[in-house]
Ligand code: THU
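Single chain ahead, by itself, as structure tokens, in the form predicted alone.
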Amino acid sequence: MSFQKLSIDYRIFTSIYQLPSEVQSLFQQATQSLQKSYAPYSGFTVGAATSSKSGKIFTGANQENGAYPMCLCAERVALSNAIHLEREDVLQYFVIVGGALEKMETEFLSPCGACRQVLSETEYRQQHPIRLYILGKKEKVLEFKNCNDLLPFGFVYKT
């Protein structure tokens, strides 16, 4: 038996205004997409936005359903839009915002396991990291160098 240690590096910003202008713009787009959220069961709206290297922006909002496993998370909606509309372009930034952060027990919103897997696999497919930003309470922002940091042992199936 051997003991291994796993750690990740991330940064915390005290305001979105400390971030590059293109990321600030993504936060504005993700916040606007909260209006398209459908969350009658949890009351917790989520918006996401991603941008490609060519500068195109794709957004998504969570869509709940009475059959909970059939819900769509904002992260997967935004990724699906991007991949469907711009399959060959490389995604470089991804932001996530929550519309009811005061309801959270934790200080930061976090993608579910399914979204972590989809983000991780998107990075693998495009062979390029996606810088991830998550808005927390009091306008704080978490920044990860890549999505794999949230799922270090993600599943990758090689065909």
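What you are looking at is a predicted structure, and each value in this text was computed from that prediction instead of being measured. When you see a residue number, it is the position in the sequence shown, counting from 1.
If you look for the form predicted together with the named molecule, you will not find it shown, but the lines that follow are about it.
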Self-check item: Interface membership of Glu64, the named molecule in the predicted complex, 4.5 Å heavy atom rule
Solution: yes
Practice problem: Would you check, heavy atoms only and a 4.5 Å threshold, whether Gly99 touches the named molecule in the predicted complex? | Solution: no
Exercise. Tell me, yes or no, whether Thr31 is in contact with the named molecule in the predicted complex, where a contact means a heavy atom of each within 4.5 Å.
Key: no
Exercise. Report yes if any heavy atom of Gln92 sits within 4.5 Å of a heavy atom of the named molecule in the predicted complex; otherwise report no.
Key: no
Quiz item: Which of 22-30, 109-117, 123-131, 50-58 has heavy atoms within 4.5 Å of the named molecule in the predicted complex?
Solution: 109-117
Quiz item: For this chain shown on its own, do Ser7, Cys147 and Leu150 all sit within 4.5 Å of the named molecule in the predicted complex, going by heavy atoms?
Solution: no
Quiz item: Which residues in 33-47 have a heavy atom within 4.5 Å of the named molecule in the predicted complex?
Solution: Ser42, Phe44, Val46
